[in-house]
Each structure stands twice: as C-alpha cells, then as structure tokens.
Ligand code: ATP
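Have a look below at one chain only, the form predicted on its own, in structure tokens format.
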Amino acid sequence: MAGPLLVIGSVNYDLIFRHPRLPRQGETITGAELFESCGGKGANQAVAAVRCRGGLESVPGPIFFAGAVGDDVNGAAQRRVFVEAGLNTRYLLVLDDVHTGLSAVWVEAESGDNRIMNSPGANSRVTAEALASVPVEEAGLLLLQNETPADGVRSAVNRAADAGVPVMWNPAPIDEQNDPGLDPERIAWVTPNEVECAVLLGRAGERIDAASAADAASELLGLGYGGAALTLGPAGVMLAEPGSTPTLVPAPEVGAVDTTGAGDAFNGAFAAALLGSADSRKAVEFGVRYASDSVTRHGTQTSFARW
C-alpha cells in the first residue's frame, strides 16, 4: 500500500488498579497496586504500530496520529511518549479548555481480566470539523476505532473510501447506542473482539466464542466487510477473507499479567504489517505475536515493546 499509516482516535491517561480480584457491586477493595500509563485506543494503536516496526520484514514509512489532548500534565505525558516513539503528531490538537481523556482500569491479578471506565475529555472534540484539515486521502491505510465522536469516524471513513484508501476499523467500544452506522462495504478490514462482533451481527448481549467464531467471521463478510480479523483473547484471531475458509491464527502460550491494551497492540501491529505486505495471514500472525508479548507486562503503552 502506497502512502503512510494514518491513525485517528482517542488519547486517555490510564489509572490502573491491580488487585487479586475485582470488586463486586457496592464493594470497596483496598490494597490495590496502582500503575499509571498513557492510553486511549487511538494512541495505543499508533504507539504499537511505531514500536513494532523493527520486527517487520518491510518497514512502513512514517506513521501519523490525529486526535486531541488537553493542555495539562496528562496530555504532556502522552506527547512525550509520542515523541520518544517517533510518531508524527502534526495532526494532534492540544486544547486549553478541556482535560485529556482519563480512564480508570481495574485488573484482576491472577487472570489479567480488566474492567474500564472512561471520561472522554478532549476526545469529544475529534469531530468531522476538527478532522477536516487532516489529509485522510493521502494515507496508504487508515486505522480508526470507535472512541471518538461518530460524525468524525463516519467522515474519515467516507473520505478515505472515496479516495480509494483502505480502512481498518476497530469497532471498540460499541453497543446499540454507540454505533456510527458505517457502510461495511467501505471497510477493508474490521477487527472486533467477541462482544463487539456480536453487536455488529445484531446480537448485542451475546459473546462469540471460539466454537462459533468461524461462522461469525463469515457473517461479517456477508455484511459487506472486505476482511475480518476477529480477536479471541488467548485463543488468537479468526481470519476471514472472501473466497477462503476462515482460519484461526493461534496465540502462543504466555504468562499473562495484564491484558489491558492487548487488542490495541494487535490492531497497531496488524496495520503496520499489512501496510508493508500483501500477505494478510502473515500480518495477522505478526499482530498476534506482538499482542501476546504485550500481556506479559503491566499497563497499556508501557507494555508495548520496541521490536
């Protein structure tokens, strides 16, 4: 794919509480370990895409990020990470009248399972109007999620599709009330997890499992998506493309300590690999390896290794 990778999305500062178990409704738990990390699905995926490049056979060119942060200490922390990673932030807005997005993350120590609550802050300003000056049409691949306003997501997807730029959409988070209403035929790759896939298929409240993943991935293609990479946690990723049977790309066995950001690690690495290769199977395999490595460390962007 000619042209750079353009990532559009959110920036959040993460407060991560790690405890032997998650609190029950109405319960207060004390004694949790606290970790702080830069995060947000868009920022995570952009940083992962930059840091993984050393492990690729064909290294993609510059990676651009478009989003928004507040002019505060949390936004400054994320901007330092971007600079250190080598990410091009020409299209990052720094706003002085709103806080940087903030997330509280609870992690269960033994399993690595997590729960997340978010205050969007500056992410709510990533609208179609704010993105108007971002040259979406010049990208080689557009990667975006569902953690910024729907009108901005729709506008970027439509501009890219009109210009012939392939779009990778990670529909996270998504529910019946938080659906940008994208045309699947304008999406080259959709990368949901088990819950998000069920929402896309009109079965909100369900969870796709490993046994039903192949059929679910085929259903996504039937809706019009060009390709599907259905993430299944420690089981790996179900890859589906037109004209072939969906196949599971298994994840290696690792000692997981924190699964926070693993999906973002996969998406960033998959996009970077796909930009430099026409072999989607190898790109998914690379993304799975990178995501599996990330869960062996704490945090979100702090868990993304430089390969």
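Note that the coordinates shown come from a computational prediction; the quantities given were computed from them, not determined experimentally. Note that residue numbering follows the sequence shown and begins at 1.
Quick note: we don't show the form predicted in complex with the ligand, though the next part is all about it.
Here the chain stands alone, but in the predicted complex its contact with the ligand, taken as any heavy atom within 4.5 Å, falls in 250 to 258 among 272 to 280, 53 to 61, 250 to 258, 66 to 74. Proximity of L232 to the ligand in the predicted complex: non-hydrogen atoms within 4.5 Å are present. The ligand is not drawn, but in the predicted complex it has a heavy atom within 4.5 Å of N193. Residue contact check for A240: none of its heavy atoms lie within 4.5 Å of the ligand in the predicted complex.
Although the partner is absent here, G236 lies within 4.5 Å of the ligand in the predicted complex, judged by heavy atoms. Heavy atoms closer than or equal to 4.5 Å to the ligand in the predicted complex belong, across 271 to 307, to the residues V288, A291, S292, V295, ordered by sequence position.
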